[in-house]
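One chain comes next, on its own, written as structure tokens: the form predicted alone.
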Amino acid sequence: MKIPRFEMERWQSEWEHQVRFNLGESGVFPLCLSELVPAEERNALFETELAYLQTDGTSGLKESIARIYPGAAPGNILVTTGSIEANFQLLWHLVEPGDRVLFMRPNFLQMQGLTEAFGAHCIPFYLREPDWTLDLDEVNSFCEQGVKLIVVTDPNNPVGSVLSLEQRKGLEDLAARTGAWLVVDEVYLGAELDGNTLPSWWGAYPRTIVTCGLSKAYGLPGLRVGWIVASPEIIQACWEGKDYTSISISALSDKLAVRALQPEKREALLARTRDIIRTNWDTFRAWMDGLDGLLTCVPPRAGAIAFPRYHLDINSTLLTQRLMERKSVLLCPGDQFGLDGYVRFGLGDPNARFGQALEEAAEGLRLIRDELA
């Protein structure tokens, strides 16, 4: 098996710590440990045994996660090392050579790369402007030839869109008609700009599987805690994959994740995220208005991300490379999400620093525009 290069992750890894301003990050700036654990409770952490944990997740953490999903029990949960391992374990179990897998575009391309590496046929269906919605008739036409999985990211990365309840129901009906698994990455759920938490896809269709984690909406990427929500049969099968890979999350991450998912703390974390992205979206929108039409953007509905179209005659990777060279500002090129002509901006930095980064980005974009003239 040959795994294709994951261009976006390698791009981030190579450059995010080399630039002055990282606007390529897709989550809010992370919390410090002191913000998660009150001073009077920190000494208890020093008594944590740094041991292997129950490899599918401790009962306390699985119970905390299950509370988020109506009707779920601990047997529906597998704890993973980040949501990226959740996606990996799931596809490793489900995808066989020759399978047909429908995959939403634009998207974080991890699951597409894995699908292809496992020998399946990855068939894209597209969210389209002006409001980043999908064409259910197009998806239905692909289903007519049979399909094993339909893979969705909702809220979407990179565009920040949200499917309507009608479109959700349409995809669920298509999956039910073909017997397909409906795999939904919900890692941005809870980061809605209007403050109204969307319902999870979990529970409406029996073959729905959800992946999520503490990285994006919660501002805790360094804990490396993710999970799968699925039937007990799927959970047991994916657990076997963990025996060959990550074994378990860290003992400290387990304790901190349980704390983060306490109902009041969870709501506080999500409220923090929403406050950051609402403020920064307003800043970003005003900044864009001053660029003389260089960028246009459909407003995101969720996630610390915006995905504007740029109006320059240049490939998106080349554009972001030039911006980095000239102003030390990192963006994510649209072609790393399967859609050239766009760039992804992160909306998660502290507002003052975010404003400084945008000023540098504006100067760089104008320089590049003049160079292309």
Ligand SMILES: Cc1ncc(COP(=O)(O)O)c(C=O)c1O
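Treat the numbers as computed from the prediction; the structure is a model and nothing was measured. Residue indices: 1-based, along the sequence shown.
Heads up, the form predicted in complex with the named molecule isn't pictured, but that's what we're talking about next.
Asks: Within 4.5 Å of the named molecule in the predicted bound form: all of S26, T153 and S215, by heavy atom?
Replies: Answer is yes for this spot.
Asks: Although the partner isn't part of this model, could you tell me whether N157 comes within 4.5 Å of the named molecule in the predicted bound form, counting any heavy atom of the residue?
Replies: Output for N157 is yes: heavy atoms within 4.5 Å of the named molecule.
Asks: Can you check whether G190 is within 4.5 Å of the named molecule in the predicted bound form, heavy atom basis?
Replies: G190: no contact with the named molecule in the predicted bound form.
Asks: Does any heavy atom of F108 come within 4.5 Å of a heavy atom of the named molecule in the predicted bound form?
Replies: F108: yes, in contact with the named molecule in the predicted bound form.
Asks: If we define contact as a non-hydrogen atom of the residue within 4.5 angstroms of the partner, is I84 a contact of the named molecule in the predicted bound form?
Replies: It does: once the named molecule is placed as it appears in the predicted bound form, I84 has a heavy atom within 4.5 Å of it.
Asks: Want to guess which of 159 to 167, 292 to 300, 120 to 128, 179 to 187 is within 4.5 Å of the named molecule in the predicted bound form, heavy atoms only?
Replies: Going through the listed ranges, the match is 179 to 187.
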